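Shown next as structure tokens: one chain only, the form predicted alone.
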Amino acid sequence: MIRKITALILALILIAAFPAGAEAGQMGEYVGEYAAEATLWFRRSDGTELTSVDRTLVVAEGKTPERCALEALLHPTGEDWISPAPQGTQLTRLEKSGGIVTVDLAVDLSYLESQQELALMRTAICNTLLSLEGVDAVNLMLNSRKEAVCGLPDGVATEKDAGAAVEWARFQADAERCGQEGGVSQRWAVLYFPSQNGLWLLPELREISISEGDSAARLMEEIIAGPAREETSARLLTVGALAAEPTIEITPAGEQIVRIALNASVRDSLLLQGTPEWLLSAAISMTVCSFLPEVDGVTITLGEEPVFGANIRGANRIFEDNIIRRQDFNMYVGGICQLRLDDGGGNLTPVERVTSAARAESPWHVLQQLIAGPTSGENGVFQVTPAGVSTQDLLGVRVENGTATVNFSANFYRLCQPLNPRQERTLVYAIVNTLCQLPPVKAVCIRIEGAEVETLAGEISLTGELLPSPGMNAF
């Protein structure tokens, strides 16, 4: 009781010292430098194999471990380390969502003297990125296209390879097997589906069987099969949507495109399920161009009508020559942030929210989502913050050396005073467990108007760093 009275007095002092709108204690979001462990795979001087080097990367403000690892790989500083990519190679784009990393490099392929050198470069880049925490799969694109290795799609890397020679032997064996009658090979592909909120594309990893010349048809079959994560992703097409088998053609300009013919009824199906039509073009082009080698884009017809443009979130876009390219939509790849909300019994249940890929890894945005509480359709979970707390009570999040310092308002502190021990524990560890799922965060400090307080309501000490409590998570 004495601690609660003392805390209430402190809350009143803080409110008096920092009235509404005061700037004291506000710090917004800041993610400073932090260390990330990586294994970099460089090319040996003999040019036929790779060598690995363990490295602690310093991830500067505004960068990611994936970008830092690629920069270190493309521009080595050690005299004995040779980049696996040709000189002058630059990182054009890097996408990360749900543990899937897609890398697009601008590279002069004429410097690669053989398919074996291409396989060596792929192995080095994929092995390096797969060594990073939170990376489960790597899709490598060169000059905004996929490249073939031994005439087959190279697919998505999901495991580090023992070495370039082993990987090259695997590609050769696959090519020989697929060249035989009835021969098939397994590849991992990234499929893209619309998010349930109709705003984003969500990538999904799937293993598919391919044989020579049928990869486009297999991809469309998988799109029609629908997403595995139906709680966040929406079905795009249904059985019978295809009017004809996909075909690959060369345009007069020398570009390779995949022609997708869909029935006119697809438009009505999208309207019925509330999926914006632009997501049809986006999901198909992203999926096809992220897997099929040497493909520049797709064309789509609905019945007899070609898709020549799209209204993307209110803005009209026209596709030149009706060719839909991956880069038309790669900025709409979304991500999933996972919150921990109260299940009503003191356990923390995971709740997934779809947002932009950047916001999905933003401590500030994730905490704002947590404070906002359950949305319609999220059943069986409850608000963890007291009634009256709003996102305006989150003054800032600062991440340094693996510790996230979360700054709340005096009003937040005052509203927490009546919490019973279970409610206080649930609130504190909802914050901690949610934040510690993000790569830079290992521990959390909670502050009020920038000042350290002993506790929110008398149960949990806040005088030091708080580590996650896995025992409270309901999996």
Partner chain sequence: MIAYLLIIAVAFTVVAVSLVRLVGDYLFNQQMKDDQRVAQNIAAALADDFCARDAQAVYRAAVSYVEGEAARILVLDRQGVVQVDTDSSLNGAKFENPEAQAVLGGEELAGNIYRDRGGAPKWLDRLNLMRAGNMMTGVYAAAIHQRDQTEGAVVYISQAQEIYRGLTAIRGKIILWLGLIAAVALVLSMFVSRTVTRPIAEISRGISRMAAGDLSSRVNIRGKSEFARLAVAFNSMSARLQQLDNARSQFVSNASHELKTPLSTMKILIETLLYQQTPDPAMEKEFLGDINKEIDRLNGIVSDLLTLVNIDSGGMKLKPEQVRLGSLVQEQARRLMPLARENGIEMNCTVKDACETTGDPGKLQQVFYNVIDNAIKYTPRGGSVNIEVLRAGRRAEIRVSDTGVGIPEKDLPHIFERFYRVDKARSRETGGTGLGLSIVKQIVLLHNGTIEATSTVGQGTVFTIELPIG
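Numbering follows the first chain given and starts at 1. Given the structure is predicted, the values throughout are model-derived calculations rather than measurements.
Below, we refer to the form predicted together with its partner chain, which is not included among the displayed structures.
Though its partner chain is absent from this view, in the predicted complex it lies within 4.5 Å of a heavy atom of just one residue from Ser110, Gln87, Asn401, Asn316, which is Asn401.
A residue is said to contact a partner when one of its heavy atoms sits within 4.5 Å of a partner heavy atom; Ala443 meets this definition for its partner chain in the predicted complex. Heavy atoms of Arg425 reach within 4.5 Å of its partner chain in the predicted complex, making it an interface residue. When contacts are judged by a 4.5 Å heavy atom cut-off, Val453 does not count as touching its partner chain in the predicted complex. Although the partner is absent here, Leu466 is a contact residue: one of its heavy atoms lies within 4.5 angstroms of its partner chain in the predicted complex.
Of the candidate stretches 213-221, 401-409, 377-385, 307-315, only 401-409 has residues with heavy atoms within 4.5 Å of its partner chain in the predicted complex.
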